[in-house]
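What follows is one chain in structure tokens, specifically the form predicted alone.
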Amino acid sequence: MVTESVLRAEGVVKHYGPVKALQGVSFDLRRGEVHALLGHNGAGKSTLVKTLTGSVQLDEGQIFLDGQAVSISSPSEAQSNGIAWVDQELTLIPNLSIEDNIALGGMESTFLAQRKQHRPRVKQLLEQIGLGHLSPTQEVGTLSIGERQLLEITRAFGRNSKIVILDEPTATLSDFEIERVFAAIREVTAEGVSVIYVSHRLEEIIQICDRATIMRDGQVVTTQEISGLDKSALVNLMVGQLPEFAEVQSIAKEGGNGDFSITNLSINNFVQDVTFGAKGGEIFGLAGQLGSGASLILRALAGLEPKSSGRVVLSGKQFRLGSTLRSRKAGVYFVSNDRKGEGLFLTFTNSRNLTATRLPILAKASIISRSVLKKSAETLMQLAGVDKSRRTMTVDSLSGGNQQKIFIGRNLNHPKMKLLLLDEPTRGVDVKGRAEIHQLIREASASGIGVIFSSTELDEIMELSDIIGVMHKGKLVNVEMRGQTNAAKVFNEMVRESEIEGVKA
């Protein structure tokens, strides 16, 4: 292992008002290594990354590149110093082509005038990450979420950077796509590029990383070689101990407020004749790889897929698909897998985000008092498990996990809600936050509403579901109670026809 340090941070301090996000953090990155940055949500990982990339200015401390002290005041300055960052939130421009998105901020300014000249390089980059089937001229808006995530990584690797920071790079990827990312990482690190890898998927950390720095409460707990650690040890270092998932038995309520049945649901000529249902108080988990159709089902029920047909009955009443207004009027509430693009108002306060969808409920004679808004926001923050001292902070100052709690919290305790839909509810969330979000969902279902969630993560499906439905290529291939199936069986149904080789359940 090469021990030469390419980046070093010493005594980094960052405060957001009374919140101490970083408290004297020191960190070093060796040339050619993959270095994991771990910690539960709010541990300070995101803030540290933002100081290294110029998105946030540190209050105290110093950053060194190749032994020289530097001041990184902006993302463009970080890039000029050879630092590329792939954020967990997508930053691509949908109506531009793949090659133009790769060029933005990265290649020379003459690129747009010399696309044909640079096209072979773009094709080479796409091949490297497993996107060789795409045309450089194809619009990004036509790509799947997984393909867009791979393109974000491609763009970072294509900038000839010395350091690449990957923040939850595989959160939206299938197992096959993850292997493509790992292959690309191994290729660039063999050439001397250093990678900071931020992820809550500990199996990946053990598989791809050389060292790990664990953070907790804005401080570094330890930095160790991965070779001496297993998943249990990593978890203990991150949160003290693994939060146990409470094995709660669902309380199905016959004829309850959240009973639902879906018959012959078809969407966009892809999802075909899907039929399933559950009683209020039960949690229905839709398992499936990216592109299986699981997410499409949730979006159709929320009224977001106009080309949808089928019979949907909720609490004894049928409603017609194809309209968000009709779905909401029927009592359907939806938490998207894209909290940035389809959920939160990032520059608004947590208070405003939590109360944004319930203003008519809080109003009296079309007037809402500030005290009522404050009380409602504090109640929802408590329900969501976010410290109420953060009420007046903007959402973009929170970690990804706490942002997700705010997003889910907005949909809690709605008097008119009958069915709660959650698409990848713990995407990019650490083990502690994941257990807390699972508890939020369980408590919501205990009130008697119906709950449907989709997830590509097998562990989440097995932990949270009362009933498991498996999607594959637009078809519902099986439905069973959780106690009547097992992880290996569900996995095999998710990846039928041995499409992903060498992956074990």
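Since the model is a prediction, treat every value here as computed from it, not as a measurement. Residue positions are given as counts along the sequence shown, with the first one as 1.
Just so you know, the form predicted together with a small molecule exists too; it's not on screen, but the next bit is about it.
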item: Residue 419 within 4.5 Å of the small molecule in the model of the complex, heavy atoms; value: no
item: Contact label in the model of the complex: residue 47 to the small molecule, heavy atom within 4.5 Å; value: yes
item: In the model of the complex, residue 19 touching the small molecule (heavy atom, 4.5 Å); value: yes
item: In the model of the complex, residue 266 touching the small molecule (heavy atom, 4.5 Å); value: no
item: Partner-facing stretch of 203-211, 390-398, 269-277, 288-296, counted where any non-hydrogen atom is within 4.5 angstroms of the small molecule in the model of the complex; value: 390-398
item: Interface residue in the model of the complex among 474, 42, 54, 469, criterion: non-hydrogen atom within 4.5 angstroms of the small molecule; value: 42
item: Proximity to the small molecule in the model of the complex, single hit among 379, 355, 88, 189 (heavy atom within 4.5 Å); value: 88
